[in-house]
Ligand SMILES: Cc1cc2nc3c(=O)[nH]c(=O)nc-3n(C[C@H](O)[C@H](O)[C@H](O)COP(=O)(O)OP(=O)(O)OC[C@H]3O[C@@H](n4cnc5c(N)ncnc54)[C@H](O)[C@@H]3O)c2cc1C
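First comes one chain, alone, set out as structure tokens in the form predicted alone.
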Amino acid sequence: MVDRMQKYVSLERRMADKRKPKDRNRDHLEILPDYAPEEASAQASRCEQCGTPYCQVFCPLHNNIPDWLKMTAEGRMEEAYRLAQATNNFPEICGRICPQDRLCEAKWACTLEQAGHGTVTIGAVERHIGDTAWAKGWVKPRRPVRLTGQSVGIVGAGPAGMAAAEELRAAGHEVHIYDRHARMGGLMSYGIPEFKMEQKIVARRSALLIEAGVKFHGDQVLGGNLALDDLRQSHEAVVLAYGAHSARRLDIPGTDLAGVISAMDYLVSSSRALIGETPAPEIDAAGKWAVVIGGGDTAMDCVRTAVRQGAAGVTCLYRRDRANMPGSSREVAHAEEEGAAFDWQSQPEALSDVPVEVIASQPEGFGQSGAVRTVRAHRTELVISETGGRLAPSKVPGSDFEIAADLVINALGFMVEDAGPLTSGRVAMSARGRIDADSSSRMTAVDGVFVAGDARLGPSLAVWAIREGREVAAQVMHFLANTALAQSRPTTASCPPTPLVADQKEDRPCD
């Protein structure tokens, strides 16, 4: 066979053509179409087939990227899917929402980028592999070959919970997933806008788990109508995978004004309306001046959602510069194309219910009892921090300015909800604000209760959550195997009585 790889010399990197901004701003549909088969094959053939594939090293799941690129280039699509699925429960999802420019396609991960040829479009090819598999009917539920008779309860139906559920069910365990929302997916369903991934993508994976025999229980809130003690009595093992969705508080005056909301409340409101759970968004940016505070991917999701809802204007404030933002540069580019404005090196210091035109003439006239009308901020310069590492923002004296705002969205990040109150004090938190558990076994101080995903790592990416789900499933299986072995091992107390022989000092152990 003629080698179809290493075509980067003659083929340029190319993504599928994005929808035009004026078209995509009218709806919430995905902005990027899938490759045509010949395009996917051509782009996959650009892979250099490195001896040391750093793309695989920098992938949290250590996907066999060069191998499935080669299979795609050669048209061996079913083999490519089988290989992708072997390490990743949701390849078509990761192909859509992973920040590949910070992982497998980063300049330190793809040799082609270092040589100036442009990276291989790994994420787009991964998506194509997954979508092709669904279209061809190759994706099947992983039903167990035999049943173990043991049950596992999973709290949280996000990527970690879903990945763990699939692995545990395939191993023969009875699996129940409990979640606060009405459907599976966690933030993949409620926190990621449809212009990045349409909900039918997550819904078909959820349906696959149900078809495999996983039981889903919606509207179940740990610490509310769901008690850890009840879960522990119903299941041989429990996995806490409820994620990190508590907003970090804006530590400035005026945060209690009406119209100041968390990013997750905003995104969930939009998603629930789009999937039909509510007739309209409970929080709508239509006609409002929206200001988003933060520089991560969640901030970009809020910015782009506000544009689609018809905001009068959308501005993102971030205290560092573009080069030092934590979010994906691709997402920033998409947002700029769609009409959002970015105020780099700007840090808010107060919110007010006084209109910006009034404050301009009365700088001290800040009020904080009604609905937000103004954001006061200042410019920053980046300086070397005392601890070293990342550059720190420092206020530029005399640089205060104001922005009109009817809606202020806090996208500064999230924290793991304290497990103590949720578990009647049985599960503790670490000093870093995560559920405390053994780093190897993933088990908490409560026997048989494990933790996975953002609840263990802190806020992270979906791909890391998938890895967490797979790894905790392996630890739960080990625990359940040992539990079954201990229960089946006979003890001396259960031995049938036998007469002692002359030289026997004590009862013999069971044979």
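When you see a residue number, it is the position in the sequence shown, counting from 1. Model, not experiment: these values are computed from the prediction.
The same protein has a further form, the form predicted together with the ligand, not shown here; the description that follows concerns it.
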On the criterion of a non-hydrogen atom at 4.5 angstroms or closer, are 156, 181 and 220 all touching the ligand in the model of the complex? yes
Select, from the options 238 to 246, 168 to 176, 343 to 351, 144 to 152, the stretch whose residues sit within 4.5 angstroms of the ligand in the model of the complex by heavy atom distance. 238 to 246
Hey, in the model of the complex, is residue 295 touching the ligand, heavy atoms inside 4.5 Å? no
Considering non-hydrogen atoms and a 4.5 Å limit, does the ligand approach residue 281 in the model of the complex? no
Would residue 465 count as a contact of the ligand in the model of the complex, using a 4.5 angstroms cut-off between non-hydrogen atoms? yes
Should residue 32 be classed as touching the ligand in the model of the complex when contacts are defined as heavy atoms within 4.5 Å? no
The ligand in the model of the complex has a heavy atom of only one listed residue within 4.5 Å, and of 257, 97, 307, 83 that residue is 97
As a check of understanding, the residue in 378, 196, 232, 320 with any heavy atom within 4.5 Å of the ligand in the model of the complex should be identified as 196
Go through 267 to 297 residue by residue and record those having a heavy atom within 4.5 Å of the ligand in the model of the complex; state none if no residue qualifies. 267
